[in-house]
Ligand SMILES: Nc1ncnc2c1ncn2[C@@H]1O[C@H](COP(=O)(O)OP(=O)(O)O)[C@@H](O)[C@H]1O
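Consider the single chain below, provided in structure tokens and representing the form predicted on its own.
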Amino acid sequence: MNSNEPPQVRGSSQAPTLEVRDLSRTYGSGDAAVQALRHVSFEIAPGDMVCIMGRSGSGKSTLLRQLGLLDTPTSGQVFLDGADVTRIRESRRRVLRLGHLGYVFQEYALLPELTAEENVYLPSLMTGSPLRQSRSRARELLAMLDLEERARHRPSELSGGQQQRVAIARAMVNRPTVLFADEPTGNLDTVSSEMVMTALARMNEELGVTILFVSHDPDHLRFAKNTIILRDGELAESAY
């Protein structure tokens, strides 16, 4: 799909939380250039839960990095709540990443010397929130994810699925507008994967956060409200 006009979310009259216009990303130059994304356009409605699928090398993680302001596209635009954030200063990107966007990675990325509770509330402290308020929010999220009894455990004392749920709580602590999850169950067994995906769905339904997650597992489509499929860097198919 190479249209510059982003498809509209079916049945939605709300302004999009995320809008992507003609997005392309090329790595390298000359004969060594690799076009990871090619003229991708779509919109994501508030409160949506979108699964991004495609074969390895199709551009899934590259797309998530552009949307999450972790990388800058070669061309095209990304809008967050109507504001063009494509090429804003890095200082402004840091503010948005910390206060308005949440991230869950395949490898958990928890600090080993901190407890689960401390890992969760650390980003809240970084925004200037008082310790008591930050701790209370962390405990609330851990309870939602059935981890209240593990709050004082360090990552080495937690299973992979528990660590990933702690990472979800951490991503939610600053009440983000959008949560990005890049292969969040890639390192987990079937039972743990189910728990993590259920946790993400609960965040979406109960807290209203918009979620975009990358997955290779077709079974995860049942957790999504909409789907984006990439092929060779292009939008091959979607529910939009």
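Start at 1 and count along the sequence shown; that's the residue number. The structure presented is a predicted model; accordingly, all values stated were derived computationally and were not measured.
There is another form of this protein, the form predicted together with the named molecule, and it is not shown here; the text below is about that form.
Just give me the single entry in 174, 41, 61, 204 that has a non-hydrogen atom within 4.5 angstroms of the named molecule in the model of the complex. The residue from 174, 41, 61, 204 that makes the contact is 61.
Which single stretch, out of 29-37, 43-51, 205-213, 192-200, brings residue heavy atoms within 4.5 Å of the named molecule in the model of the complex? It is 29-37 that comes within 4.5 Å of the partner.
Is any part of 98-135 within 4.5 angstroms of the named molecule in the model of the complex by a non-hydrogen atom, and which residues would that be? Result: empty, none.
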